[in-house]
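Just one chain is shown here, as structure tokens, and it is the form predicted on its own.
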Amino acid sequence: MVKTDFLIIGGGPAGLSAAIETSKRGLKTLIVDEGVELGGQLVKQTHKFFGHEGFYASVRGFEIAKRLISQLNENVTIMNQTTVTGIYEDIITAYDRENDLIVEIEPKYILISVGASERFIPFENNHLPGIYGAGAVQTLMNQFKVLPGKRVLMVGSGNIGLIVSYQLLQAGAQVKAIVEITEKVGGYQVHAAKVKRLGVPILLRHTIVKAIGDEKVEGAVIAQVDEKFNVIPGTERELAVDVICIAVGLVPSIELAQMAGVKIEYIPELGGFVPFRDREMRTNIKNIFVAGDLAGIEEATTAMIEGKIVGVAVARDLTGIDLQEDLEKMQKELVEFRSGPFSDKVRKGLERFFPQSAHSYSKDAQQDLGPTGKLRPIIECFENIPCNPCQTSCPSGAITVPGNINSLPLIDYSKCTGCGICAMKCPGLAIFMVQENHQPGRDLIVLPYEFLPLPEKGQKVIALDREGREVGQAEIVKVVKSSNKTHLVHLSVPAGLAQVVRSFRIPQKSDSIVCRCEEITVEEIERAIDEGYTDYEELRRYLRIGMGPCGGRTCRVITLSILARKTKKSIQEIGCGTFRPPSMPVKFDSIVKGEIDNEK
């Protein structure tokens, strides 16, 4: 029998935040968690958080987990790899997998913060290996360093689908497409912009129809849908993928709450069936609280705030200390975070429990792009999301998020020094630095970059626009490394492209052979052309193209095509080169024998 003041079921952001509040006030706290380590979803989240610095804005999820755990003290007992199996009237049972035994727990107060499970959808062959939930893909990649496949179809464009798509790209996979059944992207625009400028198409009004394969996923059939979400016949097409990743939402894990006698209500705006709770996250049972995704599907930031509210309420009840001011402060934080348009649905759902309020915020995006010719930030954040690291990180006070944290940021260019700190801090990678005519005929664009390996100074790259389309060649001028892993790449682009270029691609080394006799590749030919060998005969002498046994029968036309593309000339202008005898390889011995026979 384990007796404790406060039992927390689920050691994610909500549970850890609650434990911090109770343990620092001297309460004996027990955290029971299924995972091998505490943190819940945080441990596999490698992206930076939105919000403000009080709740770890611009800090990556797995780092937030470490910071929360570090705040626990000796009053906290942790049982990892343990699952609560039953909540009875007088006792709680848990299965300790590591020691293979059942434990009985007798707490005074309980927080159920077990999160949510992934929602799935029916489609043909959805049982095949290679079909994953987005959370499972994150766990494999970010927690256990396993890439589930190389070519991925993402189903769902909410924040989870967009974030996992970006992380798949970081891990070296190809995301062939993101399909979204509705008419608009479900997640933040800044998350969508990150994957679009890397060339990933987001197909609206599309869904998956079928997984292709016998023993594993080898492809997928997608199709367009009408306004009633029915597949439009004749619009089906196949994609060659080995992974289908499902990111169509989460379902609150209500099992334990319902088992404990908590009142359950169906509220679609909160994710489906959810437990009743009041402003303090208390259910209809006085000593049972809920928090996090179990209480309604939201962001991890709101889960942390809810957890703090629970911890303070429990500490107040068990110690008798007046903590009303602390409670009200946290409740005001929730109101502010939920004041933006993305929380409209959540507020509507919570109205079923208690009245909701919201702060006003500025919806006007800045039109002024600053003084031409000065290195300055351009903020491409056009949605009202709760976030202000650009403001709090600016050393000169040039950026403000007026009023509510959901307002759009504004820049006072007269104060801006062009330091670029805001671009490093922005969780949405939505801030770019630009300078027109930094050199004659060249613009400078500074891009946030989170891929490895980092490019090197002087490296030639391919510039991409907001849709991931090639718009020209560029050169790496400088790379500024950052401790938060959002590095700044300074890119020199042709004049006029500073407001167009938003990403780049490093040309891949090609194993494509052009001249099989001499084993000359496409890359070697292109590099030679860049070095100035722009005539076929020059290339032939330099690289020995066409000097092998075939005499250029295979490689001549291919080389001329590459020359035409690189020099922007027609093949007619370049010409076919000179043909010299012998027309096929002949042994010197044969020539000598012929001469001797001729003399005879």
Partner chain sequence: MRRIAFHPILEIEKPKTIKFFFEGRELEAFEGETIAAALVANGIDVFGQTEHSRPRGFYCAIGKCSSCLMIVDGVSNVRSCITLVKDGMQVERQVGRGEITW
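Positions refer to the first chain, counted from 1. These numbers were taken from a predicted model, which means no experiment stands behind them.
Another form exists, predicted together with its partner chain; not displayed. Remarks below refer to it.
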Exercise. Which single stretch, out of 560-568, 529-537, 545-553, 42-50, brings residue heavy atoms within 4.5 Å of its partner chain in the model of the complex?
Worked result: 42-50
Problem set entry | Contact flag, residue 28 vs its partner chain in the model of the complex, heavy atom cut 4.5 Å | no
For this session: Indicate whether residue 465 is a 4.5 Å heavy atom neighbour of its partner chain in the model of the complex.
Result: no
Exercise. Is residue 115 close enough to its partner chain in the model of the complex to count, meaning some heavy atom within 4.5 Å?
Worked result: yes
Problem set entry | Non-hydrogen atom contact residue 133 with its partner chain in the model of the complex at 4.5 angstroms | yes
Seminar exercise, completed: in the model of the complex, the residue from 237, 516, 184, 97 with a non-hydrogen atom within 4.5 Å of its partner chain is 97
Seminar exercise, completed: As a check of understanding, the residue in 103, 140, 398, 375 with any heavy atom within 4.5 Å of its partner chain in the model of the complex should be identified as 140
Seminar exercise, completed: Of the residues spanning 439-477, the ones with some heavy atom within 4.5 Å of its partner chain in the model of the complex are 450, 451, 452
